[in-house]
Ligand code: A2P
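In C-alpha cells, the next block holds one chain alone, the form predicted alone.
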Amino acid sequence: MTVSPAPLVRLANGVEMPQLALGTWPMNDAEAAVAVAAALDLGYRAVDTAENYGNERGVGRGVRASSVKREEVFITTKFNRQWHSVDGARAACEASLERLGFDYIDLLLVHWPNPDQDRYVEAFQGLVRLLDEGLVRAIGTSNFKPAHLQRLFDQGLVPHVNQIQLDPWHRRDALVALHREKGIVTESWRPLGSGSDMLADPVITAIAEKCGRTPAQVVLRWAVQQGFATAPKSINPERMAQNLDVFGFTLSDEDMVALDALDRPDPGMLDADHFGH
C-alpha cells in the first residue's frame, strides 16, 4: 500500500517542508528504524525526531533502509537545554548529525525555551550560524510561548517553525495568530491527543462517521486544513497510511466550527515556562 505524499508548505526562507511527518516519540532506535523505513515506503517524506527521544540513530537507519533517497526526506530534530549557547547549538547539531549519519539536517529546533536558565536567545543565534553555514536548511523553536518568541523578535530573530502542542482540545489561538503575523509555520506535536480520550469525543466520532473517515483522520484534517504542519506517531503501517491519507477530503465549515468548540482548560498541559529538557 502506498499513499500520495503530503503537500509542501513553504517556510519563510523558501525551503519546502512536507505538511505531515511521521512522529517518532517514544520509539527506541530499533522501533524507529522499522517504522521510518515502512513510513517512507508508504509515501511519507518527513520524519520528526529529537535528541531527547533517544532514537536518532534508528531514524537514520530507517531512512537508509527505505527505497527513498536521503535528499527526498525532510528530517526534523531538536536539542536539549544543555546546548543553549551559540557554541552549544553547533555541538548539538554535530552530535545529531553523527547519530543520524547525515551531513545536514533539514530543520533543527530548540526543543524547549527553558527560561529558568535564560539562554534560548543565544541558542537561536547559534542556529542562525548553522543555517548560514549550510549545516541546516531551516531553523525553529518548539514549545515557545509568545513571550519567548518576543525575546527573539527583539533581536531581529524569527523562527521558520514553532512546534507546539495543538489539537481540538488544546487550541492556541493567540500563539497561532502571532505565528501568522510573523510568517512562522505552526507545527503541532501529539496532534491526536494523549491516549485515546480525544479520539473518542462524540463530536469527533460523529464527524468521522459522517465523512466515512476515522476519528484520527478527522483530527489531522482539522489541523492541515488550517495550514498547520503536523507529525502524528504510529508504528502500525495501516494507521500510518490512514494518517497520511487526509488530503483527499475536506471538512465543512460547520465541522470546523464544531471541532474548534472542543477547546477546554487543561491544568495538566505542559507549561514551557516551567517544563523542559
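Quick caveat: nothing in here was measured; it's all calculated off a predicted structure. Quick note: we count residues from 1 along the sequence shown, nothing fancier.
Just so you know, the form predicted together with the named molecule exists too; it's not on screen, but the next bit is about it.
Asks: Determine which one of 66-74, 53-61, 221-229, 238-246 lies within 4.5 Å of the named molecule in the predicted bound form, judging by heavy atom distances; exactly one does.
Replies: Selected range: 238-246.
Asks: So which of V185, L192, I139, A123 gets a non-hydrogen atom within 4.5 Å of the named molecule in the predicted bound form?
Replies: Partner contact (heavy atom, 4.5 Å) among the options: L192.
Asks: Counting only non-hydrogen atoms and a 4.5 angstroms cut-off, does A216 reach the named molecule in the predicted bound form?
Replies: Yes, A216 sits close enough to the named molecule in the predicted bound form that at least one of its heavy atoms falls within 4.5 Å.
Asks: Using the partner position in the predicted bound form, report whether K233 sits within 4.5 Å of the named molecule, counting heavy atoms only.
Replies: Heavy-atom contact with the named molecule at 4.5 Å: present for K233.
Asks: Contact between L149 and the named molecule in the predicted bound form at 4.5 Å, heavy atoms?
Replies: No, L149 stays farther than 4.5 Å from the named molecule in the predicted bound form.
Asks: Within a 4.5 Å heavy atom cut-off, is L97 in contact with the named molecule in the predicted bound form?
Replies: Although the named molecule is absent here, L97 would stay clear of it in the predicted bound form, with no heavy atoms inside 4.5 Å.
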